[in-house]
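Below you will find one chain, with nothing else, as structure tokens; this is the form predicted on its own, and questions on how it binds or moves follow later.
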């Protein structure tokens, strides 16, 4: 009996010893992650229920910060703006990205150059893009975009100063920068569509539109899922372009949840209230993302 148990004991020791080095190598990264991500996240949840001003002591106030949000016109308006921006970005960015992907997927000599040109804005800093588009949106007659309007005989517009135009001007800026990212993901999906399916559909007499509708589009479901998820999350937490271009103005016309929590923390010193806004934003993004992912995954399975 002792002879038979010794090999198994040695095997167990060998297995446990083989498992320990990976954990030892991962431990420093896990400690850094806990210190940089987990601890601030947990602390933020705690601060959301306090009146902390960023300096000195704090006291527990329960749900007072969340009740204050319900009566804060700026916070409620920012929720509406955030939803409008997100819906517009998701629809327009992915629509433009799909059209670009279909265009550069065609067998043309300049497809490589066009891919580089369309993707180039993605690698530019969002703040730099905002300052670039502030020049494009220059309200002076004959400057920037207004110069093009003057050529076709249309009046000049105050793109970032008019409350009715500012929000959609921000959307145009974001779509211009990120459409190339959506294009790359759709392009990867298009490259994965077997050529045999298109050849078979052509033999059956399917038109170009029918081939896209019944062959290409169903096989793009995974790429569509990724693009919708990324653009939705990006729209819900949009901050850089808005803050650099308009600062949330004019008035509260372009205020988003991200700009509200920034101002409440670093302008008004209400860190407790700002973390409550951040907690609402995080929960909202998580809920929308999970619902969207569940629906899109079920759609992929159905197809």
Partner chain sequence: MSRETESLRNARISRAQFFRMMGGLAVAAAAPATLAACSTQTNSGTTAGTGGAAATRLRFVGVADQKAPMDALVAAYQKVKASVAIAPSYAPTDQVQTSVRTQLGAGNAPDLHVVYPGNGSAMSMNQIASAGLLADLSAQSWAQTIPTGFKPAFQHEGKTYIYSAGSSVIGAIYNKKVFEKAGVDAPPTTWSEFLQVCEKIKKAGLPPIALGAQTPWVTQLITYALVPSTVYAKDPGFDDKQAAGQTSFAQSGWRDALEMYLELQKRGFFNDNPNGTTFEQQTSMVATGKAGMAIQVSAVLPDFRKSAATPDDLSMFPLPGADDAAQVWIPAGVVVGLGAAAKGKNVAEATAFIDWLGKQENINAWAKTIAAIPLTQDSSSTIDPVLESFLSFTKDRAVPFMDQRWPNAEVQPTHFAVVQDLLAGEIKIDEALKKMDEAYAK
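Since we're looking at a predicted model, the values are computed, not measured. Positions refer to the first chain, counted from 1.
Quick note: we don't show the form predicted together with its partner chain, though the next part is all about it.
query: Among the candidate residues 28, 40, 62, 251, which is the single one with a non-hydrogen atom no more than 4.5 Å from its partner chain in the predicted bound form?
result: Of the candidates 28, 40, 62, 251, 251 is the one lying within 4.5 Å of its partner chain in the predicted bound form.
query: Though its partner chain is not shown, can you say which of 129, 160, 89, 187 has a heavy atom within 4.5 Å of it in the predicted bound form?
result: In short, 160.
message: So, a 4.5 angstroms cut-off on heavy atom distances: do all three of 54, 73 and 138 pass it with respect to its partner chain in the predicted bound form?
response: Checking in the predicted bound form: 54, 73 and 138 are all within 4.5 Å of its partner chain.
message: Which is the contacting stretch out of 274-282, 230-238, 251-259, 31-39, given heavy atoms within 4.5 Å of its partner chain in the predicted bound form?
response: Partner-contacting stretch among the options: 251-259.
- prompt: With the partner left out of view, is residue 134 within 4.5 angstroms of its partner chain in the predicted bound form by any non-hydrogen atom?
  reply: Although its partner chain is absent here, residue 134 would touch it in the predicted bound form, with heavy atoms inside 4.5 Å.
message: Against its partner chain in the predicted bound form, would residue 66 count as a contact residue? Criterion: heavy atoms within 4.5 Å.
response: Judged by the heavy-atom cut-off of 4.5 Å, residue 66 is well away from its partner chain in the predicted bound form.
query: Would residue 48 count as a contact of its partner chain in the predicted bound form, using a 4.5 angstroms cut-off between non-hydrogen atoms?
result: Residue 48: no contact with its partner chain in the predicted bound form.
message: Within 4.5 Å of its partner chain in the predicted bound form, counting any non-hydrogen atom, which residues from 110-133 show up?
response: Counting only heavy atoms within 4.5 Å of its partner chain in the predicted bound form, no residue of 110-133 makes contact.
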